[in-house]
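Below you will find one chain, with nothing else, as structure tokens; this is the form predicted alone, and questions on how it binds or moves follow later.
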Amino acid sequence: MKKLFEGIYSDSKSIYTKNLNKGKKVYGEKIINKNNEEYREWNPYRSKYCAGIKNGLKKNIFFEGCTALYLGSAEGTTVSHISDIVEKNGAIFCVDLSEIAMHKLTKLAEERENIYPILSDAQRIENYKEFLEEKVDALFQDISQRNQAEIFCKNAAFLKKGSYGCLSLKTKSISQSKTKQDILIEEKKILEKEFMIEQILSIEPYEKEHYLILVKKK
């Protein structure tokens, strides 16, 4: 098992994280055992961040002990793997609008104590400001609203200066008529007000019309 980044591994075909909750699956993923360690396979077709790793993401924004803010956490597929990476002394504050998704995420949080579900719109940062007593080490966003870069920049208020974030940019959610390249240029200009752009990746074939943008807070 080759170590790609802190907490992320590969057997040359698939991506894995060490299972924080041994013996338990989250979404039907494959579990393998190597050298007395249990690893959960990370599906790039179900995780934009994993798709980015498969396509050459140059830096992992998460690490052991990391405090992360995750916008658009859904039912917790990607969150569960981040939970593995940050381990028991880390924390993931998960914001999502969907009550159905939040119900499932809350059940996951009962099994994984480093996950903190927050039912809120990511545009209304005042709704969850009280949960974030200190600034976070990492910011990740995977939402479908039209003003994705604007929301990401608004939440940059919670990110430590010099720390990293990743935006999963869904171009078709922003405009059906513009090309994905034109949308990327427009969103990039917004991001550059708060961030230095470190890397831009297409995450096809795992997700069409999507980019993963790695940034560092100015």
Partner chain sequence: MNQREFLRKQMLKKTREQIEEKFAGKEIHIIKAINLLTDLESINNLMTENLNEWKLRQPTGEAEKEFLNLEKNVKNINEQKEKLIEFIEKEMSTEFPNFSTIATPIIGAKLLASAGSKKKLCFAPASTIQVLGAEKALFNHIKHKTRCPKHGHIFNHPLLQRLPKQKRGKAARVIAGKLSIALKQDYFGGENNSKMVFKELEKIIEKISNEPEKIKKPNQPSQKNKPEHRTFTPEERRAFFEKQNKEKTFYKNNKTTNQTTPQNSNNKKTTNKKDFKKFNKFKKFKKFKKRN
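The model shown is predicted, which means the values in this text are computed figures rather than measured ones. Numbering follows the first chain given and starts at 1.
What comes next is about the form predicted in complex with its partner chain, which does not appear here.
Interface residue remark: Asn147 is not counted as part of the site for its partner chain in the model of the complex, having no heavy atom within 4.5 Å. Although the partner is absent here, Thr67 is a contact residue: one of its heavy atoms lies within 4.5 angstroms of its partner chain in the model of the complex. Glu113 belongs to the set of residues with a heavy atom inside 4.5 Å of its partner chain in the model of the complex. For the chain shown alone, Pro117 is a contact residue for its partner chain in the model of the complex, at least one non-hydrogen atom being within 4.5 angstroms. Proximity to its partner chain in the model of the complex, defined as a heavy atom within 4.5 Å, singles out one entry of Ile125, Ala91, Ala74, Val136, which is Ala91. The listed set Ile143, Val79, Met102, Ile85 contains one residue whose heavy atoms approach its partner chain in the model of the complex to within 4.5 Å, identified as Met102. Residues of 129 to 155 placing a heavy atom within 4.5 Å of its partner chain in the model of the complex, in sequence order: Glu130, Phe131, Arg146.
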